[in-house]
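Have a look below at one chain only, the form predicted on its own, in structure tokens format.
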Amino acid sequence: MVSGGPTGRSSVTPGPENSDGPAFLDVYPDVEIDPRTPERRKTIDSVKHDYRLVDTPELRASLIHFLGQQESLCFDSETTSIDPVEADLVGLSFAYRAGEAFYVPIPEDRTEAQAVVDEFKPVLQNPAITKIGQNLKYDLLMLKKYGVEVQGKLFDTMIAHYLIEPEQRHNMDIMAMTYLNYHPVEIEALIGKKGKGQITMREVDVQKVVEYAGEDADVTLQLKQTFAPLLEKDSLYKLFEQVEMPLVQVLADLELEGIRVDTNALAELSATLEVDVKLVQQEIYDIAGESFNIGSPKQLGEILFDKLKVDKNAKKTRTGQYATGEEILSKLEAEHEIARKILDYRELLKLKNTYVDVLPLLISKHTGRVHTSFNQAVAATGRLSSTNPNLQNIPIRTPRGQEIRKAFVPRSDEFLIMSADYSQIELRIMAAFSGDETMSSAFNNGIDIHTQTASKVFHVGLGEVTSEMRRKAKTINFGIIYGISAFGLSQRLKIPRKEAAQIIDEYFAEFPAVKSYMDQTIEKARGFGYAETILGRRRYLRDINSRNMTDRMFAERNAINAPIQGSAADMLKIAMIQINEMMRREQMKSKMILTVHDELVFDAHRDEIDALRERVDHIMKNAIPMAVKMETGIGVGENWLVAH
């Protein structure tokens, strides 16, 4: 439906003319146009272009001949759906000079379609030709379904822009308007607005598709020429070429593999959650002294603040209702049981409605597995996220939340689930970056870091650290990474602000190198306007010198956290690339199927478990060599819960 997948379309800047192939029409000379006046942007109607239909064996052979002579080419796929696992190809568009593109319709009959796609295999699988696209993972997935393994260097304009401007939007239409002063044809002009009346791309008149798809490839090609020098200017090309682009192929493999889900286990959990929800609901009614709609912020606010008076200084929203969000209730839960019960109620409902009851609906009718979509260009820190389903946000801190993982099972009896998780990766990176001797020594000598911190902060021997001291130390350790304030720590530990401030002072007195590193990181960010990871990934901090204290402090916290969290993301990505290469090289039957935060999940063939465990452990620990040892936790079991 939408070319290039969920993010829509592709894009690039005019490059040098190529003498090979048919002559192109020149783009109209640029005129002075104010980018702030959308009505004066260029469009397909105001720019000369030559987009051609290639729909005969002879024309395809001619196009393939010229494509094969290029050092790089841009391609894009038109499909019947934004879901690559379920979609069928409608057509392929190609471009290798600004102003010209070619559209190849793909027949609806699968046998005929395969024959046409096979004609382009030599070009698409030629490792000497760089492949350019927008959201290339989608196109790679589509072609994998037709037996084509795209080879050669990749240049994904969506990912390039993500590195250049991580917090901006990376949709092709927006990038074209921003960088090329060009407004592309909107997809709804062809298929209609969302709803019952919307058609698929296969139903659109082919000449309209030629213009739309040709523009996709042409604009993407032009954006590539714009972004390549920007990557070089910002010293981001190495990160782009050696990490992000190889990762596109890895994520495509993961998405196509998918993961098997036990629907019986989910049905049992759903029934259990139904009972749990009703029990907690009744407990809330008993405390409130009446029944009401817990899901209604208005009714809930009236019960909590008008009737029960749980907070005399309760805040109201712009609409005049009481604020009843998670942050508000979390502050009240220690003193008021009803607040804790409401949070429990909401979590149970989220588990049931967002995951347990929805996962069975996401099982592909073609594969029988769930295929989450990994987002490489969303989190500004460099971390991956996922959608449909969002497996990053499964609430696993409660027993019921953990049980969801029980439903993720191996593909067959020949396999087991293997989970490999980095242990305290961000704290280890902090120790390496700061060079703090106490932290580094603890990690390198296998001493529990939270016990070590508690010993230092509370001035007791390692053997005298209580579980409560260790709990507080754990909160302190992870809070420091995020630049926590005395106020924030007091809320998390539920202690007076003065005591929290004293704990932070004690921490920095015992770990002076950490304090020094944090101060230097903030000062560096003030000068450059950004923080960066070990591989040069940037997080721009536009408020780092703001006169507004709230905005400035938020930027300072990001300045501390971004290099650590981003470097952890870099490390995991390199590990994924190297593990994928190892598994392909050794022709393993095992498959990498999932990544969640700092964890990798595998369908591990029973005959390969020992070898896989050893190799994965080695690669993860050494993905980015540091002065502090990295550690992993690796488990194997009949389901994800047992393995984790």
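Note that residue numbering follows the sequence shown and begins at 1. Keep in mind that this is a model prediction, so the values were computed, not measured. Under this definition, the rigid core comprises the largest set of C-alpha atoms superposing within 1.5 Å between the forms.
Omitted here: the form predicted in complex with the DNA. The next part is about that form.
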Residues in which of 123 to 131, 382 to 390, 218 to 226, 231 to 239 have heavy atoms within 4.5 Å of the DNA in the predicted complex? 382 to 390
With the partner left out of view, is G479 within 4.5 angstroms of the DNA in the predicted complex by any non-hydrogen atom? yes
K498 within 4.5 Å of the DNA in the predicted complex, heavy atoms: no
R169 near the DNA in the predicted complex, any heavy atom under 4.5 Å? no
Heavy atoms within 4.5 Å of the DNA in the predicted complex: does V378 have any? yes
Quick one: from G325, G147, P512, G368, grab the residue that has a heavy atom within 4.5 Å of the DNA in the predicted complex. G325
Heavy atom within 4.5 Å of the DNA in the predicted complex, from candidates I44, I577, V596, I609, belongs to V596
In sequence order, which positions of 515 to 544 have a non-hydrogen atom within 4.5 Å of the DNA in the predicted complex? R539
N393: Cα shift of 2 Å or greater between the shown form and the other one (core-aligned): yes
R547 C-alpha relocation of at least 2 Å between the shown form and the other one, rigid core basis: no
With a change of at least 3 Å, which way does the C-alpha separation between T550 and T319 go in the predicted complex: closer or farther? closer
Since the CA distance of S330 and D551 differs by 3 Å or more in the predicted complex, is it closer or farther than in the form displayed? farther
